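Listed next as structure tokens is one chain, alone, in the form predicted alone.
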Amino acid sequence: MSSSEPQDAATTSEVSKKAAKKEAAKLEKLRRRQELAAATAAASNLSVEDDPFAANYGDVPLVELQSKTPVDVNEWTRVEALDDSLANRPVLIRGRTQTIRPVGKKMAFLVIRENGFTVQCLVQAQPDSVSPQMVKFAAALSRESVVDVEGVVSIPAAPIKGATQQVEIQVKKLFCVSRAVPTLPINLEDAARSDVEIEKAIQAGEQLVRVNQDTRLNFRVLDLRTPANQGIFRIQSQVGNVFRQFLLAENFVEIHTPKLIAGSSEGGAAVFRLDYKGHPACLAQSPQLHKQMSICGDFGRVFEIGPVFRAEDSFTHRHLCEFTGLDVEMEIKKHYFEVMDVVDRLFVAMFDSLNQNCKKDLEAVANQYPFEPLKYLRNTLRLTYEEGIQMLKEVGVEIEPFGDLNTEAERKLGQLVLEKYGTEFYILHRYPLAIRPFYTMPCYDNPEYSNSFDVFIRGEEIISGAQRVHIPEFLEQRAQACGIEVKTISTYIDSFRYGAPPHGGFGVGLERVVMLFCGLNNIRKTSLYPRDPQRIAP
């Protein structure tokens, strides 16, 4: 056998896969055409002319959409609220046409979706209200169009498998508020399909369309409509809500800091530098400097939820360069453990809230991206950096005593912690000073270590925190030692000259929390509109 034969076989295999993918795409297009043709044929030879019920359906004229007439929005019922308590009652709903299934000339089924909840609607010709022309209009609607449906709630004899709500609406009126294009760039049914389902189909000799991540992001508005994405970003909303409400209850003050600053907030290469009217400037890597200045401003405890920027993400290969920071700063009386105490209580409360209040959203995510629920303790495990290194050494992973843990080592340590302590959420503290930012306070007993900590979920970092240096002369020394021009942060350092209490804080990556809590494999899945070196739109 020649050395080129394996390569030729691999090439042939790759060509076969591409051919199969193209064939699947062709079949999907054909299916859509046949579906549209069936709808058109089912309603052929019908005209709106001379239809006594023409006022019960149609496209809403533009003038009616220009805020022409104030109405009571309570006239509309949310799809989520449709249940058997509304049996035999008239309702008005608004939603998207998720599926359209004509059955002959006088009947069509619509599945209407609103914010992830769906209901089946029956449009059936009736001598006193619904004409065959109206059925034709319903059958010819395009998927994802926005419609108003008016009808009567009924209880079906058998469970409805294709909708979340177990009632049916007998349609009396149907109006299209906004038509989607006839052929969508991605099919939501394909975008909502799990890899498990695709692999099972392949094993059965079938070919299903797989929508890749870049295609999803190119048509993000459509991709966001899938059940999993609806779940992901509702979970993310809950994370932010718990974060805010917990800290407000702990007497923290919410602040909003500038994102354009004169000097680097953390140093290093991960800085977006720019020219600001002839002066060097950069986008804030974190609100760190202004959080500390606010403590000097006598607020005592502050937090912020807002965008932060990095030219690269050293914690993941995904190169996310803009994300959402959840940041906290607080006075401490004696020890940086006071900050860790807040982390402990905050995140246990957050995880409890997600598990209790986001069950349907977590289920929607798990249906497409299967994952095991996060394991965590009521009192969060704390290990010193040296203890973590020792655990790694015991299984043959060598780490420099004063070096940083790489991603592989962090994941391995997470696995060891899970096996030994039964938790996937823990705190590692007392890091080497050399790998921490310039404003980190060294340990009292060994200046090679620092009063700092990182927090991990499933073996990946979500939080970095520490006690800060609040002595201005010492802060200048630390900045110079870390290669930061002191003059670029002079106002920050000067703020400590007017009396500054000991303090500490931490920063959390919102997208990372959601990604790891839900066991996802790509941070772009939890970024609403990702920004990275290759993407600045949509």
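Start at 1 and count along the sequence shown; that's the residue number. Since this is a predicted model, take the numbers as computed values, not measurements.
Note that the form predicted in complex with a further copy of the same chain isn't included here; everything after this is about it.
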Interface segment, criterion being heavy atoms within 4.5 Å of a further copy of the same chain in the predicted bound form, picked from 129-137, 195-203, 233-241, 408-416: 233-241
Heavy atom of residue 365 within 4.5 Å of a further copy of the same chain in the predicted bound form: no
Partner proximity in the predicted bound form: residue 276 to a further copy of the same chain, non-hydrogen atom cutoff 4.5 Å: yes
4.5 angstroms heavy atom contact with a further copy of the same chain in the predicted bound form for residue 487: no
Interface membership of residue 58, a further copy of the same chain in the predicted bound form, 4.5 Å heavy atom rule: no
Contact check for 224, 229 and 532 against a further copy of the same chain in the predicted bound form, heavy atom at 4.5 Å: yes
Of 94, 101, 172, 106, the one that lies within 4.5 Å of a further copy of the same chain in the predicted bound form (heavy atoms): 94
One residue of 190, 338, 404, 461 in contact with a further copy of the same chain, assessed in the predicted bound form (non-hydrogen atom, 4.5 angstroms): 338
Stretch 323-352 - residues with a heavy atom within 4.5 Å of a further copy of the same chain in the predicted bound form: 324, 332, 333, 334, 335, 336, 338
